[in-house]
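What follows is one chain in structure tokens, specifically the form predicted alone.
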Amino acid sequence: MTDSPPEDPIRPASAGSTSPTDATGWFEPLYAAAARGEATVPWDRHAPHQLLAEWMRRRRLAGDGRSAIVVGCGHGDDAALVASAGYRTTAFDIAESAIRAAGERYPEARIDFVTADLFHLPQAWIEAFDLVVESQTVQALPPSMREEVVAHIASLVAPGGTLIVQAVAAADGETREGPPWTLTRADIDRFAARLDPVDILLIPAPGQPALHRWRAELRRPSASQSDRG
């Protein structure tokens, strides 16, 4: 998701919707129009997100064949970065056109690109991934759905696994119509209520001093840690 709101023609019809169908139905028409050359996807940078790339470098991540999943993968740039670090990578998006384009953009990458709905995840994915990448998907959905969205994303993390969350941060006293619907610290703490926080940072956006972004790293305790607890 982009750091600034998309143009009006691609914004969801009902900003206050609590229905997943209403809240996510605008993604496929956008990606389909982009595939026809009739629109651009505002958050498509043709590169992995800067915060994710920096975090992976800092952590010196090596997947060594462990499993990873990218939530709302769009055209697949973040997924390609994760796969390049040695993870067996799954990447999903609700927009079939996005998944098709991702496969075309990265035909040689060993990534399982899947059309899937965050609100109806395959049972086999629950607590199945060593690394879960959530980059600006939460902020693309109405705040009224936030608790449900967080629960579904957190459910993907395996025991001992890591979740990385990235989102545009809400400024003090800010109220804005989305998307994106910016996240407060209380929103980040929804993840921390389900997983153990490792590192939660508020990072200024380069060249945009008024804009900050969250990057939160969280972990699900391993089975042995849970037993000791």
Ligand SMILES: C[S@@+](CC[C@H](N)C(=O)[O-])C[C@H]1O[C@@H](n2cnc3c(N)ncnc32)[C@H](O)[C@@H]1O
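Quantities reported herein were computed from a predicted structural model and do not represent experimental measurements. Note that residue numbering follows the sequence shown and begins at 1.
Beyond the structure shown, there is the form predicted together with the named molecule, which is absent from this document and is the topic of what follows.
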Distance check, Ala91 to the named molecule in the model of the complex, heavy atom within 4.5 Å: no
Interface membership of Phe119, the named molecule in the model of the complex, 4.5 Å heavy atom rule: yes
Contact test in the model of the complex: Trp43 vs the named molecule, heavy atoms, 4.5 Å: yes
Partner contact for Tyr31 in the model of the complex: the named molecule, 4.5 angstroms, heavy atom: yes
Partner-facing stretch of 54-62, 182-190, 23-31, 199-207, counted where any non-hydrogen atom is within 4.5 angstroms of the named molecule in the model of the complex: 23-31
Contact residue in the model of the complex, from Ala101, Ala83, Leu156, Val71 (heavy atom within 4.5 Å of the named molecule): Val71
Listed residue (Leu141, Ile111, Val132, Val150) with a non-hydrogen atom within 4.5 angstroms of the named molecule in the model of the complex: Leu141
